[in-house]
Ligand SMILES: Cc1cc2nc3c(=O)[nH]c(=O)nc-3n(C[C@H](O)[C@H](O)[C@H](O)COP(=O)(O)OP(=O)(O)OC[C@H]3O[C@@H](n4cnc5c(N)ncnc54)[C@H](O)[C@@H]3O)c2cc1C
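Just the one chain here, the form predicted alone, laid out as structure tokens.
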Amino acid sequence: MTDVLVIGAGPYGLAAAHAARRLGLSVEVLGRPMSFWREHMPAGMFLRSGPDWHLDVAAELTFEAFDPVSPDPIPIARYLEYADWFAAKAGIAVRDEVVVTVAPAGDAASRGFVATLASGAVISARAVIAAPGIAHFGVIPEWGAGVGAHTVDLVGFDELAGARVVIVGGRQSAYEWAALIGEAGAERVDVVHRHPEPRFDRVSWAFVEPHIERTLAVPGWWRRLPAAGREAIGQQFWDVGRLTLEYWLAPRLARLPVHRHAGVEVVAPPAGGELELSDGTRLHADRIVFACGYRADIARVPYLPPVASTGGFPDLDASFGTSLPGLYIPGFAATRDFGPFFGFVRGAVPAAALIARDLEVRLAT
């Protein structure tokens, strides 16, 4: 029996695996290394984060240690190289296996889990860290079912050369996909969203750091905040991360056939290749792309056993533990209980640290 089974080899899975190994625990990691980043993000994408967002709880195997002369912005390909380097240096071997089910072991005394793999193999573990990422949680409006693709499923753009494309959504992914699709030769790209037109500017994520420190210092800090405090931080996060988009997008968009429609929405499903907007505008759409973000729905993660949840989010304790003792879920699905910054890479290290603290106590008994 292994001490810790980690399902998922993205930033949260790799950071947690490393933290557990540092405790001397036996760890198995299942999945494809950084699979969401490799398979659901376009090759020409850039990161919003800086070089200080890394994966090491010891702050040694950092991105800056890997690349002292960090590019600005950081291409996704370079961060993938860092993740590979980190895993190699940390001694993390990832098995490319698909988990079919995870279930509590047969009796309460064993306090462990059994994972069944698509290959038929079975792994027993004393604890499980499930890091499913966001691939399961893409949002498409009701009217859009079957008429377009979410950005999570559209990462190659060659087939859009010469096409008229409508993107529904107005955050970073919407405008970055618009730039990439325009650069791939689309005839026209229309970006449609309900909120005001975003700003394009340099932003600082430094405001997140005190919140991370409090999360580490005070168990359950985010949930203990009065609602007004959570709302104020959420608004700041919205202003910096949602209503302000990266400065390097603006000059790219300016030279492309990208048209913006802010403060409107689609009022009816497409008919005859046309979309009607709430201001009366009609847009021709050869392809529709949904950049509508993500909404947690933990029941959509196929391998997980039933856990207590509220509004699609798992109910987590102060160490990311679920209602099944020994099963942890960090990452985007934890943002309700830990704050919006735990949907970004920056949350991977503090999440790993909190889980490791709990594992050290739990597996010592």
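For clarity, every value in this text was computed on a predicted model and none was experimentally measured. Numbers for residues come from their place in the sequence shown, where the first is 1.
The discussion below concerns the form predicted in complex with the ligand, not included here.
Peer 1: From the candidate stretches 186 to 194, 268 to 276, 132 to 140, 84 to 92, select the single one in contact with the ligand in the model of the complex, where contact means a heavy atom within 4.5 Å.
Peer 2: After filtering at 4.5 Å, what remains is 132 to 140.
Peer 1: Which one of Ala65, Met45, Val307, Ala318 is close to the ligand in the model of the complex, taking close to mean a heavy atom within 4.5 Å?
Peer 2: Only one listed residue qualifies here, and that residue is Met45.
Peer 1: Select from the listed residues Val166, Ala125, Val99, Leu180 the one whose heavy atoms reach within 4.5 Å of the ligand in the model of the complex.
Peer 2: Looking at the other structure, the residue within range turns out to be Val99.
Peer 1: Does Leu30 reach the ligand in the model of the complex if we count a contact as any heavy atom within 4.5 Å?
Peer 2: It does: once the ligand is placed as it appears in the model of the complex, Leu30 has a heavy atom within 4.5 Å of it.
Peer 1: At 4.5 Å between heavy atoms, is Ala9 in contact with the ligand in the model of the complex?
Peer 2: Yes.
Peer 1: Is there a heavy atom of Trp53 no more than 4.5 Å from a heavy atom of the ligand in the model of the complex?
Peer 2: Contact check for Trp53: yes, within 4.5 Å of the ligand in the model of the complex.
Peer 1: With heavy atoms only and a cut-off of 4.5 Å, decide whether Gly343 touches the ligand in the model of the complex.
Peer 2: Yes, contact at 4.5 Å.
Peer 1: For a quick check, can you give me the residues of 15 to 44 that have a heavy atom within 4.5 Å of the ligand in the model of the complex?
Peer 2: In sequence order, Leu30, Gly31, Arg32, Met34, Ser35, Phe36, Trp37, Met41 come within 4.5 Å of the partner.
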